[in-house]
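This document opens with one chain alone, in structure tokens, the form predicted alone.
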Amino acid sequence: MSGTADKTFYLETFGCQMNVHDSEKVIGTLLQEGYRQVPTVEEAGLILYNTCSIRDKAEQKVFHRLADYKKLQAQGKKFGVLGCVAQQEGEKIFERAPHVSMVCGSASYRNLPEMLVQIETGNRSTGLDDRATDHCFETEYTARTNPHRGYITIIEGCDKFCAYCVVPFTRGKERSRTSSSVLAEARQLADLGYTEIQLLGQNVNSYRDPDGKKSFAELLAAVGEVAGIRRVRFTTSHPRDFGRDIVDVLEAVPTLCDHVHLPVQSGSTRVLDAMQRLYTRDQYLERISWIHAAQRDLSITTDLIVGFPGETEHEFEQTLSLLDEVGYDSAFTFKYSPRPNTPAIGLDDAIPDGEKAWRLAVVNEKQKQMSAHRNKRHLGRTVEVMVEGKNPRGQWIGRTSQIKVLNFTVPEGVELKTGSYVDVRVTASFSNSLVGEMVSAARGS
């Protein structure tokens, strides 16, 4: 690696919004330690991968990537693996990829300054805090990549131990930040000109204020009342901890977005029990009834897994019937695949991959039709969007409070600023997006 006068790094991120925001904080830490971020691996002295272990064969993909770049070791470059695969594979990474200098799980990011010193002096460095850690990764030095939407992690880790999920083993136990620190960060973002905040957590609504001052719903309301903030989102909620008070707050605080992401995973109570999801179909539907009864038009999105070990055709049909009963606006869907160290790894995964693929295709087609039907209700309405840029056809792109993509035209000669808010009348709808015409700049924009 080059000398201390020009310490350069390249960071590639895989996975969820938690990983994206973790990388923002890692980048900020590196910059604070005198490093300079560069856009290519060729320019970098330190090459880092922030990894995700959710997808099938995720660790294999990481090792293939590391093998591709082994040739760069001769140029004096150093390599580090961060995130979930780092925690999952641990020091086995050094065995399979000896050119790697640093392995660091997300629960150990607070130790990065010391770890960087170790690798700069030619040593290997390992950060693999387990579920015993009580620390969150809080830093003043966050290199935010979006100038208008700011992420704030309010809870790290997971205590749910769903049978298919590796997250409790890779991100440690649930540990929440104080509401005071979250609100201080929200006010700081507002002062910097941010207008949208997204609260993050593996189970964001499992938040427990260490100071005992605020519930999750109360924290949502408080963030929504920060001066200058126009939109507040949160993800991902766990149905077990989803209370009616969350819906009450969504109704009471206008800045909270009209959207709830509530992963169900299966429509069968027996499969949910096998998945160790901690709720039944009826309990899940009770929470949906609270959302449906709200005075605001709340969009509902979800996550679904098909082909979990033992899922019968009848149980798969129960998932399909759940789609009809709930009326999701969209869904993220997955085929089950075994993940290392998870409880389900010992189950007989007897469902052929072809059958899983068929079930996934059926779910996707049904949800596509449902999404198209749900989006039609916006036709003729005027909605506020946050401007995000232009699409290849020259239309402007924005997102509604329901987090829906809206492509729209503007009057001739009008130029918009990314991050501004405009009112758009919806003129057409599709399964994945809306189309419209700008009416005016939104109030307060």
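Counting begins at 1, following the sequence as shown. None of these values were measured; they are calculated from a predicted model.
The same protein also exists as the form predicted together with S-adenosyl-L-homocysteine; that form is not shown, yet it is the one meant from here on.
Only one listed stretch (67-75, 120-128, 140-148, 263-271) carries heavy atoms within 4.5 Å of S-adenosyl-L-homocysteine in the predicted complex, and that stretch is 263-271. Annotation: in the predicted complex, residues Arg55, Gln202 and Thr236 each come within 4.5 Å of S-adenosyl-L-homocysteine through at least one heavy atom.
In the predicted complex, S-adenosyl-L-homocysteine sits within 4.5 Å of a heavy atom belonging to Phe334.
Contact check for Arg339: a non-hydrogen atom falls within 4.5 Å of S-adenosyl-L-homocysteine in the predicted complex. At the 4.5 Å threshold, heavy atoms of Tyr164 reach S-adenosyl-L-homocysteine in the predicted complex. S-adenosyl-L-homocysteine is not drawn, but in the predicted complex it has no heavy atom within 4.5 Å of Arg359.
Though S-adenosyl-L-homocysteine is absent from this view, in the predicted complex it lies within 4.5 Å of a heavy atom of just one residue from Arg374, Lys214, Arg277, Arg281, which is Arg277. Among the residues Asp209, Asp303, Asp245, Asp258, the one placing a heavy atom within 4.5 Å of S-adenosyl-L-homocysteine in the predicted complex is Asp303.
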